[in-house]
Ligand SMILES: Cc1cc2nc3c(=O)[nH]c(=O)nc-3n(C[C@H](O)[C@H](O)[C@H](O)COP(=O)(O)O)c2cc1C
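Single chain ahead, by itself, as structure tokens, in the form predicted on its own.
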Amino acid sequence: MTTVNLQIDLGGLIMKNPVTVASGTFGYGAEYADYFDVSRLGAVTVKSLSLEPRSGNPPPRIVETPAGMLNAIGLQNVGIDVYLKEKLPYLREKKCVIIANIYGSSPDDYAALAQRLEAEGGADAIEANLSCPNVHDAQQTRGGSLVAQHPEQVVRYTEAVKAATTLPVFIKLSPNVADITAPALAAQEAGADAVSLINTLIGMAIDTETRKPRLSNIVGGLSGPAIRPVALKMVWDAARALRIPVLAMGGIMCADDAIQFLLAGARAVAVGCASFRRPDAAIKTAQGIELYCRKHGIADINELIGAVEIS
């Protein structure tokens, strides 16, 4: 039987396998402890953290769609203080590799979060969320658009985070752009160690009986298998343009989906709303990748990265 090396280096973060979870779909790790040992994942990406607790948007905040879901949670989270005191100890006790997703209203907010997370051992890498489509605050610029939609703003925010920490910094970008390579290259230029692609697509749903939007926020983020082809194309575009690695996400439901992203050039993948349908989806994806490699005589997972054959 082929022995497979599943370890990857994601911008300086060493992961035992190339599978993590998408921020906002996995809580802070302990929520899934009844289903599998979360330390078996390459990394646990925690729910977005802000300087102060956030209650998020009022309900209704989730709408099921064909092959996916719309959400407008609004980055509800416990805040950095509670995370460090109450959520982090479990992850450290389990010896999990931690990617901390952070969110703020200014570059200074991001810098403060990154600095504190490193100082208090709260993360092994930082994922800066510049692309959540369902919040209304100062991070949205120029009439409601996102920081991630403006390369010059991506540079500004990335530089602030990089100056505040020595941890690997990943920049999470939005698919709601004409060309994903522009903000991705901006993140690279500003010193990002990797980019996370993609966040959710912006969408909406209307109740035809009431004639009102089905989300209180009116619009939300579309995720699930419906967006996978879009995510795969954007990962492929970005991977060909960048020197830094790509952490891919968007509709990954199983190992075959994940392998497509690796072949397109992603270094690692994140399983998102699949965990709502099957709580052990992320670890099953990691196991499936290993089985695929054994079946095809692949000794090192890195051989798959960018190995799609275009002829």
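No experiment lies behind these values; they were computed from the predicted model shown. Note that residue numbering follows the sequence shown and begins at 1.
Just so you know, the form predicted together with the ligand exists too; it's not on screen, but the next bit is about it.
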Non-hydrogen atom within 4.5 angstroms of the ligand in the model of the complex for each of Gly104, Lys162 and Ala187:
no
Heavy atom within 4.5 Å of the ligand in the model of the complex: which of Leu75, Ile80, Leu88, Ala205?
Leu75
Report yes if any heavy atom of Asn217 sits within 4.5 Å of a heavy atom of the ligand in the model of the complex; otherwise report no.
no
Does any part of Gly224 reach within 4.5 Å of the ligand in the model of the complex? Heavy atoms only, please.
yes
Answer yes if any heavy atom of Leu242 is within 4.5 Å of a heavy atom of the ligand in the model of the complex; otherwise answer no.
no
Non-hydrogen atom contact Thr158 with the ligand in the model of the complex at 4.5 angstroms
no
Which is the contacting stretch out of 80-88, 197-205, 117-125, 149-157, given heavy atoms within 4.5 Å of the ligand in the model of the complex?
197-205
Can you tell me which residues in 22-42 come within 4.5 angstroms of the ligand in the model of the complex, by heavy atoms?
Ala22, Ser23, Gly24, Thr25
